[in-house]
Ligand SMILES: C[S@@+](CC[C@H](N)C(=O)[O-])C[C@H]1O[C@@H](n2cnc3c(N)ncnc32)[C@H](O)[C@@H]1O
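Form predicted on its own, single chain, as structure tokens, below.
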């Protein structure tokens, strides 16, 4: 069951967290795809500070995703600190048993009430539970807490993390949209549409940029069908390469594409 979208609660009390309590459902390894991206092409951000701070915003009923985020990022930056932030106090109380010097848990919302400025804030399956009208204000609030080299990732994925999408933002605004899918978990790339971030999910209709992008990607996927004889990985790489050759502002290169991933400039898909 999908929770009805809510308006964000900004509250009249300055000490009250900004946001609403979510269902909090999660699964181990669900966010592996975005974590791999953060630990890969975004890892340079971790090296801009001696002890970089990363926030898992709205980690849910279980602190699993925050623990996994720390484990994955510490392999590329041993000095990283991860803070899990949840608006539900009981969830934070339970998570406190897992705290150590580099992993802490805090009660809060989109105001990100942690000491210091994060170089990364990851909010997955959080904003989708709010109204689209509130997305820009949430983006602005979270981005205002970032370090100069910081990034905010607003994403959505399915229950076991096989289909995932996310928008990356810095303090200046949105930078890119990334699609990441497990080979064999889709027939057409546009199957990921139901997992688009809140800012885009209602815009996948004719005449909108995101619809044009997904339709073009579907067409390239179908045209590259003969390469399926060599595996879906080769077919996907060729599909993305043809997208780039057609002028779509595709980021990164084959090393990322081989993972079932494609990132495109935000301007190409923005509502």
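Numbering follows the first chain given and starts at 1. Note that the coordinates shown come from a computational prediction; the quantities given were computed from them, not determined experimentally.
FYI, the form predicted in complex with the named molecule isn't displayed, but the following is about it.
- In plain terms, the part of the chain that comes close to the named molecule in the model of the complex, with a heavy atom within 4.5 Å, is 56-64 out of 41-49, 56-64, 210-218, 231-239.
- Residues 165, 169 and 199 are none of them found to lie within 4.5 Å of the named molecule in the model of the complex, as judged by heavy atom distances.
- Residue 81 falls outside the set of residues with a heavy atom inside 4.5 Å of the named molecule in the model of the complex.
- Although the partner is absent here, residue 151 lies well away from the named molecule in the model of the complex, with no heavy atom inside 4.5 Å.
- Heavy atoms of residue 178 never reach within 4.5 Å of the named molecule in the model of the complex, leaving it off the interface.
- The named molecule in the model of the complex comes within 4.5 Å of no heavy atom belonging to residue 195.
- If you take 24-54 and check each residue for a heavy atom within 4.5 Å of the named molecule in the model of the complex, you get 24, 25, 26, 27, 30, 31, in sequence order.
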